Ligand SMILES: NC(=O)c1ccc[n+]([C@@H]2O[C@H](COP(=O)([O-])OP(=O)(O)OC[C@H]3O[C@@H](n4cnc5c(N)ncnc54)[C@H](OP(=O)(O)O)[C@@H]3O)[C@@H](O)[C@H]2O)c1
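The chain below stands alone and is given as structure tokens, in the form predicted alone.
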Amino acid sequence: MRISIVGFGAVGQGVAKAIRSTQERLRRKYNLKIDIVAAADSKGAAIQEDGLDPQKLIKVKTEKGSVAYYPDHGHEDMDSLQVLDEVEYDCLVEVTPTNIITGEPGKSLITKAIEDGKDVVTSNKGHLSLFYKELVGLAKEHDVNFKFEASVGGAMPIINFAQETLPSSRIESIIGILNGTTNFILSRMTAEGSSYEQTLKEAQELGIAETDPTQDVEGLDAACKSVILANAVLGRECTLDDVEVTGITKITPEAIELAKEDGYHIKLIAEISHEILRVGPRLVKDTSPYAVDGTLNMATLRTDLAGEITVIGKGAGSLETASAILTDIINIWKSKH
């Protein structure tokens, strides 16, 4: 399978690492050989019809700042949309930064790939939380695969799990922790009694929180993921505007201590049902599945036949997110062979 990776930040590099480390296993188990025929970032692209070297791609990106400097096959200032016209590929792996205002550039890249008859795998939440119905409808119209397991929960399996493992059940609600950064902050505040500001700074120093953590701490990241789950799993038609959102910035050490005294933790909880769509701080019992620590994500799916099923996994990290992207690529391959 020939893939084009557009967006070669942490997740794009994680995909390259995952492909390199699983090459032999994929060939033995699925007779699948993945060739990265194009990789693009904001400064340009690298293109090679018979496949770029994943290790060399990462080395060039790390040392020179862009895949555009890949030896003999780099193209400075090449636009990402142009890349899709310059190389023959089977599947677009779209891992550009999340944009919750316009969904770009991801939306245009995915639209072009689908209209060109290419399969698409993405980890991007922005366009999905704004234009889910449009993009999924376009993929159906052009009879291509459009997969996005990595957009919710990183390595935690939830979309494919709900759609493929639980087809006999009606899923009535999903309640969970969908943002690793806020869970880390709240876990540390609970364990250490530290302030929000102190703990955020620690999370930034550890690389867990972004320099601008707004989307995480204001609950917007979890809200985007909630929209995706509401559409993909519950069959609702909604966008980011439909979510009631409250972040964690006003939670004090005193509030956390009072909760602890009564056997509770404060967590940023997403609640998704056929009637409710909201994200906000909630009290959870310290003995419940919701009392996970660190950057873990979790979600409980309430069903009519199977009861409650809880999934837990790492919600962030380049390799963890790449594992979900690679799973989608493998599933596309299996559906065709």
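Source: prediction; values computed, not measured. Each residue number is its position in the shown sequence, starting from 1.
Not on display, but discussed next: the form predicted in complex with the named molecule.
Visitor: Under a 4.5 angstroms heavy atom criterion, identify the one residue in 187, 98, 204, 111 near the named molecule in the model of the complex.
Guide: Filtering the options by heavy-atom distance leaves 98.
Visitor: Taking the named molecule as it sits in the model of the complex, is residue 321 near enough to touch it, meaning that at least one heavy atom pair lies within 4.5 angstroms?
Guide: Taking the distances in the model of the complex, the answer for residue 321 is yes, it comes within 4.5 Å of the named molecule.
Visitor: Would residue 43 sit within 4.5 Å of the named molecule in the model of the complex, counting heavy atoms only?
Guide: Answer yes; at least one heavy atom of residue 43 falls within 4.5 Å of the named molecule in the model of the complex.
Visitor: I'd like to check something about residue 105: if you look in the model of the complex, is any of its heavy atoms closer than or equal to 4.5 Å to a heavy atom of the named molecule?
Guide: Yes, residue 105 lies within 4.5 Å of the named molecule in the model of the complex.
Visitor: Residue 124: heavy atom within 4.5 Å of the named molecule in the model of the complex?
Guide: Although the named molecule is absent here, residue 124 would touch it in the model of the complex, with heavy atoms inside 4.5 Å.
Visitor: In the model of the complex, which of the stretches 159 to 167, 88 to 96, 259 to 267, 131 to 139 has residues with heavy atoms within 4.5 Å of the named molecule?
Guide: Result of the contact check: 88 to 96.
Visitor: Scan 1 to 17 and note down the residues that get a heavy atom within 4.5 Å of the named molecule in the model of the complex; none is a fine answer too.
Guide: Residues within 4.5 Å: 6, 7, 8, 9, 10, 11, 12.
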